[in-house]
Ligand SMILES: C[S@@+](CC[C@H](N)C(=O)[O-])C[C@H]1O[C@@H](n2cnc3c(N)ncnc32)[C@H](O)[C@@H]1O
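One chain comes next, on its own, written as structure tokens: the form predicted alone.
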């Protein structure tokens, strides 16, 4: 799998209490640190807004900043840990306790896993998206309303295939949400998130390689999220659980794809 990094992203130079954080972020991600007035060739800007790290698109002035809010996803549930119901929970399986989310992205599915009480390791190969995830998790860690009833996930910045190769204890389940085209019914914000994610991590052409590696790593099952009208990533799944717009294909570890 290819390590991808967008060249047209910069970090906004901050002043005051976020100045050092912005400088450290630019150094860690090896991105330029610039003022908004000097955007130059950068079209996407990482900056701190309202206490959150956000990715701002300066090609579209009216576009809202993109940030990770795992707490908002968790708050959709009335009680925590949330009941393990619905097609996703059935695909994950009753015996599952530990999950590796191999394509963490914006953290939407990650929030559901955390809410349902799984021990989760989130893997993200884009350093930029991982920085946004880390910021979202840091805010979740100090959320006094949620911090008690949930277990914070572990975030790993790595290519999932390389991560699997060095993994000692296999997880019960590996979850994959490879890139696929947006649905017509998706909101404008959801489509923007998908477009930016595609720019940073690619179009998912290496998902067969990721599935093969996952099948050689997971203890009990590998779950692949797919559009309801798309073919399986590879071969025939052992089981399929269908939702409104997506389905979850379940594969048996140890098989070849």
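Not measured: the values here are computed from a predicted model. Numbering follows the first chain given and starts at 1.
One more form of this protein, predicted together with this ligand, exists but is not displayed; see below.
Within 4.5 Å of this ligand in the model of the complex: all of 93, 217 and 222, by heavy atom?
No residue of the spot touches this ligand in the model of the complex.
So which of 144-152, 77-85, 99-107, 166-174 is the stretch with heavy atoms within 4.5 Å of this ligand in the model of the complex?
Result of the contact check: 99-107.
Is residue 26 close enough to touch this ligand in the model of the complex, meaning at least one heavy atom pair within 4.5 Å?
It does not: once this ligand is placed as it appears in the model of the complex, residue 26 has no heavy atom within 4.5 Å of it.
Spell out, yes or no, whether the shortest heavy atom distance between residue 196 and this ligand in the model of the complex is within 4.5 Å.
Contact check for residue 196: no, nothing within 4.5 Å of this ligand in the model of the complex.
Would residue 178 sit within 4.5 Å of this ligand in the model of the complex, counting heavy atoms only?
Yes.
Any chance residue 89 has a heavy atom within 4.5 Å of this ligand in the model of the complex?
Looking in the model of the complex, residue contacts with this ligand do not include residue 89, since no heavy atom lies within 4.5 Å.
Go through 115, 129, 120, 140 and name the one with a heavy atom inside 4.5 Å of this ligand in the model of the complex.
By the 4.5 Å criterion, the partner-contacting residue is 129.
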